[in-house]
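We begin with a single chain expressed as structure tokens, specifically the form predicted on its own.
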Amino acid sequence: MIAGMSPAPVADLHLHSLHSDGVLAPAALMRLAAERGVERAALTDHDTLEGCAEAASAALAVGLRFTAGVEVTASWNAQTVHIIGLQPRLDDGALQAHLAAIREQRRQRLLDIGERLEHRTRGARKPVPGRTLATLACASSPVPTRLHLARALVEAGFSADVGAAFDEWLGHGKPGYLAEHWPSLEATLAVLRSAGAEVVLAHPHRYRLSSGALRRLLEEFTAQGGCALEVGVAGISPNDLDRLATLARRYGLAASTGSDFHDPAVPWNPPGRFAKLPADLETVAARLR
């Protein structure tokens, strides 16, 4: 930190509520973030802006600076990637239509996974009622995800916990695995930029990409108007932190911070817990109103 400057505020720009696959209502989430020392919080539910109004009101009541956001599901070279849009116009018609189409795609995909599970376990000692569980998962959230189906599998006694549900039923090569096909990176960035959002590539170290492929992704992301890279995230190794910081410098991207919080029962990524950014990186938080 430069002498005479105040420390940067704690900005958690990646939080999920029950409007997607988190478990807390937006108001409860903002209260928890404030209790954890967060000074600026962004609600970034998957493919919906629905909880932002409630979160904004709750943040004001507890003294948090609030940023509306969304984590949009996209595809790049057959790889699913997540793009965070910060402070988009909430009433932007094109963005709302884009998100609604993804939500419908999510619902249909979950039903198809349920069908696949039921078909592939037919005749087994304990067949999985995939159609029923998928229908329950779709009914449990306006943005149903595989995490909701994993929770349904746990509740029905087919897996010990959510991680096991993915390992046994939903992961790559398992009975319920179904390849993903989402809107392109180019289309996603175009609609977010048109809505006035600051566009961030979420958790790039988690993608199954070689170093060269990640560089190509960042080249396209930057060329298409992406402005920031999530660098300070929960649970990141020192090596990955250094690697992402180097990539942010190389491509002239601001750095974002976020816990990717979903559930208070998960102890390793509460709101406000993420790796500290190197002092020389510009922060996307500094660009926000």
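One rule holds for the numbers: they count along the sequence shown, beginning at 1. Predicted, not measured: the structure shown is a model, and the values here were computed from it.
Omitted from view is the form predicted together with ligand AMP, to which the following refers.
Would you classify residue 81 as touching ligand AMP in the model of the complex, given a 4.5 Å non-hydrogen atom cut-off?
Contact check for residue 81: no, nothing within 4.5 Å of ligand AMP in the model of the complex.
Is there any non-hydrogen atom of residue 163 lying within 4.5 Å of ligand AMP in the model of the complex?
Contact check for residue 163: yes, within 4.5 Å of ligand AMP in the model of the complex.
Check residue 40 for me: does it contact ligand AMP in the model of the complex (non-hydrogen atoms, 4.5 angstroms)?
No, residue 40 is distant from the partner.
So in the model of the complex, does any heavy atom of residue 116 sit within 4.5 Å of ligand AMP?
Contact with ligand AMP, no.
Ligand AMP isn't shown here, but in the model of the complex, which of 212-220, 184-192, 142-150, 125-133 has heavy atoms within 4.5 Å of it?
After filtering at 4.5 Å, what remains is 142-150.
Every residue in 19, 103 and 107 with a non-hydrogen atom within 4.5 Å of ligand AMP in the model of the complex?
Judged in the model of the complex, none of 19, 103 and 107 sits within 4.5 Å of ligand AMP.
Does anything in 243-267 come within 4.5 Å of ligand AMP in the model of the complex by heavy atoms, and if so which residues, in order?
Going through 243-267 in order - heavy atoms within 4.5 Å of ligand AMP in the model of the complex - there is one hit, 262.
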